[in-house]
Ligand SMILES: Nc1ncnc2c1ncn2[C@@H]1O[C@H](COP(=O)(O)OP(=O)(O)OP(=O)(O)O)[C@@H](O)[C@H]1O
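Take a look at this one chain, the form predicted alone, written out in structure tokens.
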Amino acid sequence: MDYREYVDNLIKNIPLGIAISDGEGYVKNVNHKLLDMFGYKLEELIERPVSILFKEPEKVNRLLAEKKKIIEEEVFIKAKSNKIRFTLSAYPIDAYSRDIIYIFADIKKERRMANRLSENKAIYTFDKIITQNESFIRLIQFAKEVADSKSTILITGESGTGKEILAQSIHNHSNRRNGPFVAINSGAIPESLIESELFGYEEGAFTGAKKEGQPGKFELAHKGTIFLDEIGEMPYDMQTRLLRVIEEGSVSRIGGLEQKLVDVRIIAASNKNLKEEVEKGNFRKDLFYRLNVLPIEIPPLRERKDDIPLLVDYFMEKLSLRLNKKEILVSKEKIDELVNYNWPGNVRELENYIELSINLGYMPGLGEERISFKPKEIGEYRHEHLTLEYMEKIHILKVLKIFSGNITKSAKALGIGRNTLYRKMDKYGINCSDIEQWSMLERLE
């Protein structure tokens, strides 16, 4: 094996997408990983302009001319696979040749949102709330008007309507915007821990307590906003302590005597009807009136159907970028179907549906049509196991069935490379000769 052949074999097996162009900008060589990433065959790229791989080639050429090399620049690509962008690094191979090596890699997942959440920062603002519905616009205007008030806000609405998004937007529109935004879900914390979470504890307060003690959420929210989500799930005895904090503006840690003043704006939220909970004896009447000073009720999505086309466009663009997959064209007939659907899970359900559609590459049926199998008949394939991975497995099985197990044709129809299809089949345990899988698919259909 000569040196050139050795280098070619080395490049072909590097786990990054690599293309090499000559001085005229035509592709001389590519590796297997690039073919897999872009969904092309080797003969579709060799001796073609390298600009066939990415959009805005003049920008790439300008960067190369100015910097002599490119390091992890994000580029939008032209691919047969369901990808829309990669990072690109490009270098001249050496000082004597005009050849250039192009290296493509997947976009690294951004952690900025997670970091901001861990730092008690609010992310959402009013300009990120998508609506053209007149009543919802009036609701937002009211929320803006009361943003600077010290009075407590109670946000009510069904699950999935966006109560925390509205709470964060109010905080970021207020004069507390530079202070912390601390969120706590009253229904997600075990009853035995909720007191220490809210109010903190001193050293030795209980077995397992940290030596230095720990501040509670109210202390952490000083000069900012505390968001008490699912307040209707708060234990009755904790409601009494919360009422005292609201009235006195101070907290004391478990095991401590000192009263600490806290300057906190309280926004509470509930998907329960708290008036009914008061009547049932589950919620304190005096706390309800303390919280319900500025009531805001978010309407369900079925009452703002004129927003559905806007939300579809918004989520399609946002999620396709996040998932690095192509947007799906949505027909007028499909929009009409989405508008006429009841959306029991509200905006959250619509967002999840668009995310599922982008991953599948098409828009599946809605509601029960999307879950056409009967849980009692199909053992492990139950409603609660309807994950994106499961849907992808079923989609691959359907395509393989259409093409009678032909890998080349199936991969082309799926918009992925043969190697990618093989990997997914291995991941999901798909075997074209397994008759049981085909019979399971027939039951699902």
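What you see is a predicted model, and the numbers here were worked out from it, not measured in a lab. For every residue, the number given is its place in the sequence shown, counted from 1.
The protein also exists as the form predicted together with this ligand; that form is not presented, and the subsequent description refers to it.
Consider the chain as shown here, without its partner, and state which of 159, 135, 149, 250 has a heavy atom within 4.5 Å of this ligand in the predicted bound form.
Contact residue from the list: 159.
Of the residues 288, 353, 343, 315, which one places a heavy atom within 4.5 Å of this ligand in the predicted bound form?
Contact check passes for 315.
Pick from 188 to 196, 70 to 78, 214 to 222, 123 to 131: which stretch has non-hydrogen atoms within 4.5 Å of this ligand in the predicted bound form?
Selected range: 123 to 131.
Quick check on residue 164: any heavy atom within 4.5 Å of this ligand in the predicted bound form?
Flag for residue 164 set to yes.
If we define contact as a non-hydrogen atom of the residue within 4.5 angstroms of the partner, is residue 347 a contact of this ligand in the predicted bound form?
Within the cut-off, so yes.
Quick check on residue 174: any heavy atom within 4.5 Å of this ligand in the predicted bound form?
No - in the predicted bound form, heavy atoms of residue 174 and this ligand never come within 4.5 Å of each other.
Can you check whether residue 271 is within 4.5 Å of this ligand in the predicted bound form, heavy atom basis?
Yes, residue 271 lies within 4.5 Å of this ligand in the predicted bound form.
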